[in-house]
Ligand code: HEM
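To begin, one chain is listed below as structure tokens, in the form predicted on its own.
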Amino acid sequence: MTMQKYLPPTYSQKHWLWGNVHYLVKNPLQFLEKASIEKRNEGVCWISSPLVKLAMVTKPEFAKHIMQDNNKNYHKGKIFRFLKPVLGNGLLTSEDDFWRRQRRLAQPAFHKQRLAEMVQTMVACGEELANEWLSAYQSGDKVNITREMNKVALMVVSTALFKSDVKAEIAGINESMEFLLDKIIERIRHPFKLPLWVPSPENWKEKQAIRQLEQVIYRMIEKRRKSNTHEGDLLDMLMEVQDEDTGERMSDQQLRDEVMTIFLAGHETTAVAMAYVWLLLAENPEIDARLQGHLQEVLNGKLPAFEDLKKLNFLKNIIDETMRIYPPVYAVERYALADDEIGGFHIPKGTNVIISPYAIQRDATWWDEPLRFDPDRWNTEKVQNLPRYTYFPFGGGPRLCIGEQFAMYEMLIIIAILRQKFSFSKSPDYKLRLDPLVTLRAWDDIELVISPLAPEGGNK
């Protein structure tokens, strides 16, 4: 006798035609939180839709099952097809043997020793931004933190990738990236938009933005091949690595795809996280004051060196707590290649399963007062003993973000440099509204009031 296969329970709020998915598209964050709370006991929620099979898991052990234990049964979700026109077949979008080969080729570029060499690049970018601010702002001026963190993160990843001076390209790269991110989210939210191959004025603009980025990347690759010089940057490493089995190197197309992926994933998520760090510090002056004391104790006014990073434990707690509350990647999606069973429920082949760091990392089952900004919680025994996947801003399993350590070093360095020279307060008229695009952005750019500090730590 065959056991009856039961689908997970369906979320209660439904549209008469579009089912649950109407509310998911209309307000993703609200849906993820409400569905997580409603189906907390089951840990799995079916999301009704006339177009796709869709489910959501809300327990850490089920996230672990999909992303780690049974990861071979799951590909990146169908949503990632919207990234392919921009990213090509890079690490973020490729699958199976090709992905494993590319990951193996790219991994040495992110080893600890290589990252230690990039610390100086990160420090130089942070110091340059600090000097720009000292020239541009006086106490009481407003600073667009969203824009400034985006600028410095793009400079870090560009310099780490290419080492050569890419300032002249930054404005164009940033403009194209912003435009393409907007277009990606449009296609995700409106799946009936004309495919990119259809000739239309709107599609032409999108393809033109992709071409502009490609031209920058191919120009850098060609210049490096012709110069025959060794810069010791990420591009060099990616160009030099060879497959252990075949001896093959990456083609220009593969290099283009990986560089584009590093450009997008390597600056967008880090910039978003740093902007929220500054906002939360401005909202919590007592924690901000403790951070200033912590930096004084560890760095005493000097620029951070690689050996200092492991000592910046309170700053790391602040960054972790920020990404817990505002994870830049607020949801990931996996596609079931074959039938599966999760929590006793049947997950049919072809189901897109949503896993939401945003929902799980704000779940009161695991986190006391989950919406309270409390960096000290990371020193408690309870948090240190939480199950894996109660906190996973960089994903997990074999597809754990290859740039996790790069991003953490970058955030520690940039924030440490800037906080030793400036403090921020919140503008009274600013109210945060979250905008779940490709990453979890602020609806309106975060603007804060800046106060440059005297060298001894007092206000100028």
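These numbers come from a predicted model, not from an experiment. Numbering starts at 1 and follows the sequence shown.
A second form of this protein, the form predicted in complex with the ligand, is not displayed here; the remarks below concern that form.
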key: Proximity of Pro28 to the ligand in the model of the complex, heavy atoms at 4.5 Å   = no
query = With the partner left out of view, is Arg334 within 4.5 angstroms of the ligand in the model of the complex by any non-hydrogen atom?
reply = yes
query = Even though the ligand is not shown here, does Arg224 get within 4.5 Å of it in the model of the complex, heavy atoms only?
reply = no
query = Taking the shortest heavy atom distance, is Phe62 within 4.5 Å of the ligand in the model of the complex?
reply = no
key: the ligand in the model of the complex reached by all of Ile145, Lys310 and Phe314, non-hydrogen atom within 4.5 Å   = no
task = Among 418-426, 398-406, 34-42, 47-55, mark the stretch whose residues have heavy atoms within 4.5 Å of the ligand in the model of the complex.
result = 398-406
Contact residue in the model of the complex, chosen from Leu92, Leu299, Ile287, Ile325 - any heavy atom within 4.5 Å of the ligand = Leu92
note = Answer key, the ligand contact in the model of the complex at 4.5 Å (heavy atoms) among Trp378, Phe162, Trp133, Trp99: the residue is Trp99
request  = Would you mind checking 265-284 for residues with a heavy atom within 4.5 Å of the ligand in the model of the complex?
outcome  = Ala265, Gly266, Thr269, Thr270, Ala273
